[in-house]
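What follows is one chain in structure tokens, specifically the form predicted on its own.
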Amino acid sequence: MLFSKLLLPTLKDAPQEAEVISHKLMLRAGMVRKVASGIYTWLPMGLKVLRKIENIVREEMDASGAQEVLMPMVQPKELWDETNRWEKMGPELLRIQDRHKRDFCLGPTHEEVITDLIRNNVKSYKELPLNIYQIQTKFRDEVRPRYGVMRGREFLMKDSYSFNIDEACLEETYLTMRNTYKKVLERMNLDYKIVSADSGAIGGDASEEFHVLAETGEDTIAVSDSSEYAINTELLLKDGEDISSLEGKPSPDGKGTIEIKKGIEVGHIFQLGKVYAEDMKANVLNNEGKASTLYMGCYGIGVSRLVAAAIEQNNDDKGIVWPHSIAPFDINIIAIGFEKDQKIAEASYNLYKELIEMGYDVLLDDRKDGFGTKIKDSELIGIPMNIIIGKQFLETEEIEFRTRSGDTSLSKISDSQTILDFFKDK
């Protein structure tokens, strides 16, 4: 992509409404623009990151054996009545009517729709287990949308639902999904904790949350400094424990001591058991030919929220510091004098094409601006590697590599292997 053609309305200062660093930087870096409270348009730079995260999620879900579908965002009231959630969900459920005065809602989640699909199309235990997922827009009418896409009303989510013949089979699928979510977050190079949690409005027998650790997190979690033990303090507060008394105490699992951290919930997995299946009469014939109520699990991960969470954990005073796997571009070629010197223009464009052919996602900054403006923009939007072609190239045919962290090196432009090695090392 040529920088001069890119829709990238960067800002020197973030609007006053932006409270947290991710919201400020997403606005400044031209990733999103607000349409209404809690509702955003994703611009090209933001959408590239969103799609890269979506692809990581999809690849890991497919590798787990899950199957992708796409369910409607608009859902009929009748399905929600079967589970008594039409009223139970409260004002977060945005209710609408069509021209015939029939009641619908904008889906905040899809347990009812997927259960209806399975009960009408799966008849035997031999077709199980099934794990069905989608990556789709959700809408929850938050009372106080804030923090940009972190706590928006409209958001992109991967939600999946498993159907099992018994509890043991559900437990196996649940552990598979738990491991899948770990792989997703590790591919994004995020520091996270898996936290015992309250099942809330979704319900079920047990659930765990995945929290990206960040000082701006809305959730307070108690974690061990020497093991994977972690619990959302909401659970402890229900039992009357004083959170302040936990600090520095031995971890309940006998490993290390307790620390209090802030986390951003990006994923939640549930063992639902028979909650929805019983209400909606979702049965299959078991190996004895008798009707058997399905055991269900549901598993959600916030794709758009992960964009904000990654920024909260990866930034500095210059802007965003993307993990390589989700950066909007791998490499930015900063051509100084592109419009004035044919040698610089040709060298820059040839290198640009060569790197794209190698499989890299490349931006060529062909603007008339000077080096200062170009490097500041690149640092703001968080591109991991800059290749600078300018005066040094005219004198010695050398180009400069500069990583987002500030490491620099010189190499002949003809030595493409050095370029690749330097990039991979950083």
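Heads up: residue numbers just count along the shown sequence, starting at 1. Worth saying up front: this structure is predicted, and the values here are computed from it rather than measured.
What follows is about the form predicted in complex with the RNA, which we do not show.
Here the chain stands by itself, but in the predicted complex one stretch of 61 to 69, 31 to 39, 45 to 53, 356 to 364, 31 to 39, has heavy atoms within 4.5 Å of the RNA.
A heavy atom within 4.5 Å of the RNA in the predicted complex is found for one listed residue only; from 385, 388, 26, 57, this is 388. Heavy atoms of residue 95 never reach within 4.5 Å of the RNA in the predicted complex, leaving it off the interface. Heavy atoms of residue 16 reach within 4.5 Å of the RNA in the predicted complex, making it an interface residue. Under a 4.5 angstroms non-hydrogen atom cutoff, the RNA in the predicted complex lacks residue 396 among its neighbouring residues. Contact annotation for residue 157: at least one heavy atom lies within 4.5 Å of the RNA in the predicted complex. Along 248 to 287, these residues reach a heavy atom to within 4.5 Å of the RNA in the predicted complex: 265, 266, 267, 268, 270.
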